[in-house]
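There is one chain below, alone, in C-alpha cells, taken in the form predicted alone.
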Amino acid sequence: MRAITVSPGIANSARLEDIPDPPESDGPVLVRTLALGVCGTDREILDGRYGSAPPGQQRLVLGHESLGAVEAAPAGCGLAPGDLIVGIVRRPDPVPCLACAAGEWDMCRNGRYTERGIKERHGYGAERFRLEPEFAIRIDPALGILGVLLEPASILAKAWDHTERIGHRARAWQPKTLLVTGAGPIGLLAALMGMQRDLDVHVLDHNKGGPKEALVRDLGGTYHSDPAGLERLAPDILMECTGAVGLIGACLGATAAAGIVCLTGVTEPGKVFDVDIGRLNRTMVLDNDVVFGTVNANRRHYETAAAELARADKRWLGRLITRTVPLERWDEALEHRKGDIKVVIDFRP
C-alpha cells in the first residue's frame, strides 16, 4: 500500500512510497483511509524540526488528522464495516502516569505518551491503517469528508471544556463575549463553538475582505482586522489561536474582570517580546484572571467535538476546506497558498 513517510529530523525527506500492510499489532480494526488533513505540526515534521519514528525504525508514516471507513472490526466492539471513523492521535504512556491511567492521556505528566504520525508511532497517512476500537471515534455519516475536521475540533472541545471548568470557580460566572485571535481552522472552530454557546463572538485576523472574514460574518460573529478597535471590548473569554508573540502579549490582561485566556497556538522558542510584567501581574491578580494553555485531546473531547460538528451547518463547515489534492500530488497540500484555511489530501480513488 502507499503511504506518505518521512525521516524525522531530516528536512525535505518526505516521499510517497509502498510499505507493508499495517500489522495486526496496531489494533484489530482495519480502516481504509479516505482523507488526511494537513496542519502546522506536519510542516514542522517535514522541515526536520519535530517528530520521531517508532523505536528501531528510520521512517515515520505521517498524518494525524484522519478520516477513514472501517473495513473489518471485531464483533461486539461497537464498530462495523462501512462506519466512518476518526483515529485518536495520542496513546497513554506505558507506566502509566495518573492522568493516563484515568483516560486523560492528553494531560500526561511524564511525557512518555506516543502520538500517531508525530511521536514514536506511525500515523494515518497510508491507504489503510489499523487501530484499537477504544481509539476510534465513529462520526455522523452526514459529515462525509468534513469528518476530517474532527481532530482539530477536538482540541477546541478540550479548550472549551477546561475554560468552562475554570469559569465555574465562581458560581455566578455567565460569560457573554468571546474574542478569538486568528481565523485559521483552530480559530474558526473556536468561534463556531462560541456561537453554539450563544456568545457574542469576535474574531481578530489580519486578512481583510477574504474568505475568512466572510466565514466569520456568515457564522454570525464580528470580524476585526485592526486590533486597535478591540481595546474596549474586554471579552469574558479570549482564545489565542495564532502563537504569535505580539498577539499573546496583547491578550494577557486584556479580558474583563475574572476573564479567562486560553492559549492554543504553539510558538517557537527564542521569540522575545517586551511585556510590562508589573502591570500584567497587577491586572491579573486584582481581576482574578486566568491564563492557561491546552494541546491535544482525550476520547471525551473527540466525542464532544463529533457532536458539535454534527449539529453545525455543513455548508459553512465545507468552506473551511479550501483545497483538496489527490494522494498522487500530496506534496501540493504542504504548500502555503493565498486563501488556504484547511487543506486535505484525498485518498479516495
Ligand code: BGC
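Residue numbers here begin at 1 and follow the sequence given. Treat the numbers as computed from the prediction; the structure is a model and nothing was measured.
Beyond the structure shown, there is the form predicted in complex with this ligand, which is absent from this document and is the topic of what follows.
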query: Contact flag, V295 vs this ligand in the predicted bound form, heavy atom cut 4.5 Å; finding: yes
query: Contact flag, E240 vs this ligand in the predicted bound form, heavy atom cut 4.5 Å; finding: no
query: Partner contact for R90 in the predicted bound form: this ligand, 4.5 angstroms, heavy atom; finding: yes
query: 4.5 Å heavy atom contact, E115 and this ligand in the predicted bound form; finding: yes
query: Residue stretch of 311-319, 281-289, 22-30, 37-45 approaching this ligand in the predicted bound form, non-hydrogen atom distance within 4.5 Å; finding: 37-45
query: Candidate spot Y50, H64 and I155, all three touching this ligand in the predicted bound form (heavy atom, 4.5 Å); finding: yes
query: Heavy atom contacts to this ligand in the predicted bound form at 4.5 Å, residues of 1-37 in sequence order; finding: none
